[in-house]
Every structure is written in C-alpha cells, then in structure tokens.
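Next up is one chain by itself, shown in structure tokens, the form predicted alone.
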Amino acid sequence: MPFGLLIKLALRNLRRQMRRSILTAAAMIIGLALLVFSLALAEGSHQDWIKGGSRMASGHITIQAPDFLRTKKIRHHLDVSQTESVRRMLEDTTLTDIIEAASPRLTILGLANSPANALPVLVLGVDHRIEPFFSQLNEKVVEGRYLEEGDRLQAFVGKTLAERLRLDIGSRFVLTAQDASGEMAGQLMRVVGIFSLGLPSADQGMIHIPITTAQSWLGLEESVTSFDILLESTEAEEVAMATLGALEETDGVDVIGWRESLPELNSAVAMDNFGNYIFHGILFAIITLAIVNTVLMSVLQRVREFGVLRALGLRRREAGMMVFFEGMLLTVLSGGIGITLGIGLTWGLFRNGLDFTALMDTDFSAAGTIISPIIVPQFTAGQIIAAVLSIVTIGALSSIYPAYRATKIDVAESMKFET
C-alpha cells in the first residue's frame, strides 16, 4: 500500500474518534506546555544561582597559581611575570567581547584584632575601580561608603564582623597574616564602610581592602593570588576556557571553572536537575500512557475493520504501520502545538520574570550564594531540541504496542466481532 494512503487512513481514523483524539491531544498540549515552562524556569533559576555565586565568590573562571585552591596559602601566588601574562591575555579581542569584568585579587586568610575581640577573617585585596562591577558590594552599604581612589588604610567590613569586633565608622583595628616570606605581619586599618550582604559567611568574616595596600603589607610587589573573571553568560565559558587554557602551558598557571571553584553550588544545581528529571519522567510517563490508551482502544474497537482490510489485501506490516502512524501523528501535532503554546505563554507572560517575593524574603542564601526572588525563565537551543526529541520518542514508544497488536489480528476471528 502506498505510504501516502497509510497516512490518509491514519488521519481518517483519528477524525472518526474525534472526542477521544481531542481529549488526548489536550492532555498532551497541556503537559508539553508545562514541560517547556518548567525547563525554561529551571534554566533561568540555575543561571541566577550561577551568576550570583560567581559574583560573590571567584567568578565563572579563576586564574591562579597551582595549589592555591587547595591550600589558600599566600606563598602560592602569581608572580609578576605571570600576572603580566594574564593581563595581556585578557586584552585578547576573543575575550573582551564575552567578559563582563576581570578582577585581580589578593586573597588572604588572616586575623582581625580589635580591643574587643580577635576573629579569623577572609581579606580580599581588590581594585576599587573594578570590584563594584564584580561583587556589587558597593550596593550593600549600610554605613559609610565603599573603597575609593586615594584610600590606603581604609577597610570595608561585614556588619556582623563589625558588631563582634565592636567597630564603627572610623574605628581602627589590626589585620595579621603570614607574608610572602613566611613571617607574621600586621597592618593597621581604619573602617571606612560596613556592608550587609545577607550571606552569613560574608557578613561575619569578609573584609575588602585596597589591593595595593595588601601587596605592600605582604611584600608581594605587584603580584596577586588570582584573576577572577565574570562572563556575560555561562554559555561563553567554553570559549573563554579554551582561550585562557593557553596560559596553563606557557605560564604554568591553573585556569579553573566555576564548577571546580564552587563545588557546593555545582552540587546544588546537579541535585535540582535530578529533581527536574524525576518530574519530567513522570510527566512523560503520563503522556505516553494516555497515547497508548487512545491508540490501543482505537485498535481494539476496530478489530472487524482490520479483518476486512486484511481480507482485501492489507498485509500485517501495513496494518501495524497504519496504527503506528496514528500514534505518531497524534503526538507530533499535539506536541508541536504544546511546545509553541509553552514558549508563547512563558515568553508573553513571564519574560520579565516571576516574582516569588511573597514566598521568601527579598533575598535568600543557598549553596553559598544570594538568590534573587525574581526568576526570569530562559530558553536555550538545547531545550527546544530536547523537547522535539521527547515528542518523537513519546510518539514512537506509545505507538509500538498498539501497532504490534494490530499485526496479530486474525482475519477469521475478527469476523466474530461486531462493528
């Protein structure tokens, strides 16, 4: 039988059971529209997590000396020649188009001493001109101001840390840490600003000071411990890593992605993806069973019809193909409408984001990062391809068994059934 005729017969059979076909198609359309929305919302939330975590920590990509990630010791720093090589590489036009900010930092584990207390702290020597574009701590000031041009002994401290050390704007305290030679060195600092990020680890244990002050204090000349790079989007990470990877061979530095530098955040994204896979798997199973039920019932109610067709010369394989096409046509048509509807509604209604402020505080922390309550759904080519492949897979799997049953109908036995 010609292929086109089998398609026509499949369409005719779907029209004959219009109510059943419409109900099944409606279930599929709603399910696939929900799938598209869910995928876009998950992608948007993950991008928000990654960007928030990267801003608060070491960026999407970190360039640092070997072993620094493991030890956090100041002796594992980038020397002057390595620092200059990185600066030159960052001027590559391939990178300037995809990098939002590249912040040289001197990261020190030390001790903050005041007349009231002494506490372990993470001291970041930063460039005040670049850092506001990176961590945006200048937007979290509760007292005083952020670091400015001309600051030398000024420090920007977390609110909880200031409270525990009993520091106010203008208060002096001493930072103590191991310098490049291995000796303990102290540096007198004065509080110029206090911030509240909402992240306990930062508010109670992080201090920003001018990078030039940190270099002078620790005897590191113009060296840094890392260059932390924030990209325009995570999709640019592969290109940036490939370009910066040349530094590993020429200058002996480590180029590390956010998954390695932020393992807690990477685990949180992976766990959330696993939960999404379970939800989508259940959704697929429901849709598949709905199509199996529709097509199989269509076969069982047309046993005599199949018998007549077989008696007129329709072969077993052709009967199975006709039923298979019924399932595939129902799936593809409904799936196309469902995906289009999902994209249209998600983009039309939620392109400016979904506001979950009523369910949470203005900001909340998770996996070591601040997460915004406003999530903007994001579409990717991979999502659309995955959705299309899912439609084809569902249609094929749900049509196999009914098609197999159609091939097993016996001509003589089928005549016993009433139409």
Partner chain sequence: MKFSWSKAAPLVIAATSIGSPLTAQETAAEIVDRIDQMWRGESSRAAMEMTVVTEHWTRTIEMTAVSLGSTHSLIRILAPRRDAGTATLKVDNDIWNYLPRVDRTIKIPSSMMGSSWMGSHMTNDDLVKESRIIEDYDIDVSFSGVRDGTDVWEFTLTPKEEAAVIWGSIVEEVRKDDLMPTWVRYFDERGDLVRTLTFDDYRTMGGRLIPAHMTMIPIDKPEESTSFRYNELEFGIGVEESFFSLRRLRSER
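Please read these numbers as outputs of a predicted model, since none were measured by experiment. Residue numbers count along the first chain shown, from 1.
Although it is not shown, the form predicted in complex with its partner chain is what the next lines describe.
Ala118 belongs to the set of residues with a heavy atom inside 4.5 Å of its partner chain in the predicted bound form. The closest non-hydrogen atom of Glu183 lies within 4.5 Å of its partner chain in the predicted bound form. Its partner chain is not shown here, and in the predicted bound form it never comes within 4.5 Å of any heavy atom of Glu235. In the predicted bound form, no heavy atom of Arg316 sits within 4.5 Å of its partner chain. Think of it this way: in the predicted bound form, its partner chain has a heavy atom of just one of Val308, Val142, Leu111, Leu345 within 4.5 Å, and the residue is Leu111. Here is the short version: of Gln154, Ser171, Ser196, Ser298, the single residue with a heavy atom within 4.5 Å of its partner chain in the predicted bound form is Ser171.
With its partner chain left out of view, the stretch that reaches within 4.5 Å of it through heavy atoms in the predicted bound form is, among 204-212, 122-130, 242-250, 185-193, 185-193.
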